[in-house]
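Coming up are structure 1 and structure 2: the same protein chain in two forms, each one given alone as structure tokens.
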Structure 1
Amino acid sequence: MVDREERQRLILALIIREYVDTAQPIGSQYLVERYDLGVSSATVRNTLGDLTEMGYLRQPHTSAGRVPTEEGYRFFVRQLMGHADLPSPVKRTITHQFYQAGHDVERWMRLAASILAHQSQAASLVTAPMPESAQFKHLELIATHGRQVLMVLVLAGGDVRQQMLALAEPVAQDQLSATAILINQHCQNLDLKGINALNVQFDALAQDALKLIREEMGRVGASLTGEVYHDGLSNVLSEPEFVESESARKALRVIEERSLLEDLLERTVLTNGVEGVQVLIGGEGTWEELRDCSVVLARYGVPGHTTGALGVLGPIRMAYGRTISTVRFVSSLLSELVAERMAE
């Protein structure tokens, strides 16, 4: 004889597993036929009644089977699911793919998005790693043509930024190089505050360059999310819950519209102090656009220095186990890569 509560947990887990597979309401008879529960369907029915009363299951209509509620999924994720890891061969394959991408951050991002989308069969999103504060490393000024100068600014952590600098009059490359060397000497390893506090008499050219440098460094840290990569959008459209295009539209907008996505990320994984993978089910009452979907998010990078976020967006009826382990693994991998890159 099994403990009453034990059976409730078992059956909730089974219903979620089956429902994630089939997208069909699950009945008592179906369960006893497929699993060796050792009890009759009537007993299962009692348990189903309990779980329904507890708010973890619901019936679409009287004569239908049970479907997990959002609360049911939450309970499952928090208490029932366990901490399964990705199978080792999968991990090795993924690691290998990142290894092949070399030092190219853009390729990392695309690869991460592709892997997440593929593993979870849902939509994925990855934001480029963003330094939380800018630290001057190196400057180059390169004459292009006429009064336009290309400024290449290297920041700590391997972040490279380019800007065009429009001068009042043409300047020779020699003079540009001299100015760059001068600025490099004074600004080495300074942050924005340090550069602002600099008390040196620069010439007009250097001042122009410094102005642009300040602007560019000010931009760093102003936003927590950089370029956004995504993949697998067409995956979610094949899910039955997104056939009424309205919920699909809302979900798409979260990925497309930068402001929505930034709000979501900043209020979840990019909040300092929060660690690990976060699971948002059905918008959690906060995000109307996510009412019909779930999001699995994680931060990656080196906290306090350079971080980004990644995650998966799919139907509420999602294979949380696999998705969460993939998100966890890819984020830890990216964290390692970012840390290595910073050490360079």
Structure 2
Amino acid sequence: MVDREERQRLILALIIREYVDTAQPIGSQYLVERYDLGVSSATVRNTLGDLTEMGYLRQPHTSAGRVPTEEGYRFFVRQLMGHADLPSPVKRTITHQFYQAGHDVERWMRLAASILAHQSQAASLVTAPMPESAQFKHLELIATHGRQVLMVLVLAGGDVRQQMLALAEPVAQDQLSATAILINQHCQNLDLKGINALNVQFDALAQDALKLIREEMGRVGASLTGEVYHDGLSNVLSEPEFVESESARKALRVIEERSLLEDLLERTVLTNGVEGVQVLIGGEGTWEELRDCSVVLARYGVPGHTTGALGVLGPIRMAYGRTISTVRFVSSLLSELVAERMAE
């Protein structure tokens, strides 16, 4: 340990590792005794002083050890951590659990939330996969009673929308079926813009159906996130730094309240074309509610077609290696499953 910079990097990594496990300030003597660093306690103390001046550590009390700062964690995640990966047995177990769930998307979402919360010991969120823009796939018009017709609209990605269509007068099922076939022929694989640009003379029945189709596809396009699944909220509330504190409850509002969550996802993984895992530490000066937390986020799905988001929220004192590797692996696995489902 001759190189001063290397010593600084090592000591910072060890401080973060120990603080994540203990939530207690770490002193120089403790590090020397635990890790056999080959240097004196005074040398380590000087290094702690250097790291404090650099803004990577702070000293809660004069006689106490040091704890990482937000900048310390950021430097660790970006420069020191390297590529963390889940152990192979854990990957196999998670993969087996997903394939046992069959083709049930809701089970995938609940399972993903459960796995993320368990592996990270933090709170998880998973949004259901949504088409990046609604794309027409298939239409059925079904006579019910009187002038009421059930419209079943299937969008690319498997999203099924049902609406009741009230007609001016009753229409026989064979005419309804013929109208659906006509619309299917002209609208196959079109998005809302393509349907609006159609230059076809449709009769009144088809026009009524198309009006409802446009409304449904517009609703899909206006929503970035589908249903949101959570797990592990109690994990965050039980952390030492959040006991009898409002900080965790403020942070959890971000993933529990729709408007706050959509703002977070819009400005990070869903609309910026960002691939891979994003780590937000201490709100990054943007989200005051997350000042005492870190969020690890990733996008999954088939870019350009159907995507969703998943992530973990916990204290800044987070086991970043395990959390990032879990988010990355579950994101990759869900992307494979969504792609397989779209191909069927």
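Between two forms, the rigid core is the largest collection of C-alphas that superpose within 1.5 Å. Residue 1 is the first residue of structure 1, and the numbers go on in sequence order from there. Owing to the predicted nature of the structure, the values given are computational and were not obtained by experimental measurement.
- The form predicted on its own appears here as structure 2.
- Once you line up the core between the two structures, the Cα of Gln100 stays within less than 2 Å of where it was.
- With a cut-off of 2 Å and the rigid core superposed, Gln207 has a Cα displacement that reaches or exceeds the cut-off between the two structures.
- Put the two forms on the same core and the Cα of Leu165 is off by 2 Å or more between the two structures.
- The two forms, fitted on their core, place the C-alpha of Leu141 3.4 Å apart, compared between the two structures.
- Core-superposed comparison between the two structures: Ser177 shows a Cα shift of 4.2 Å.
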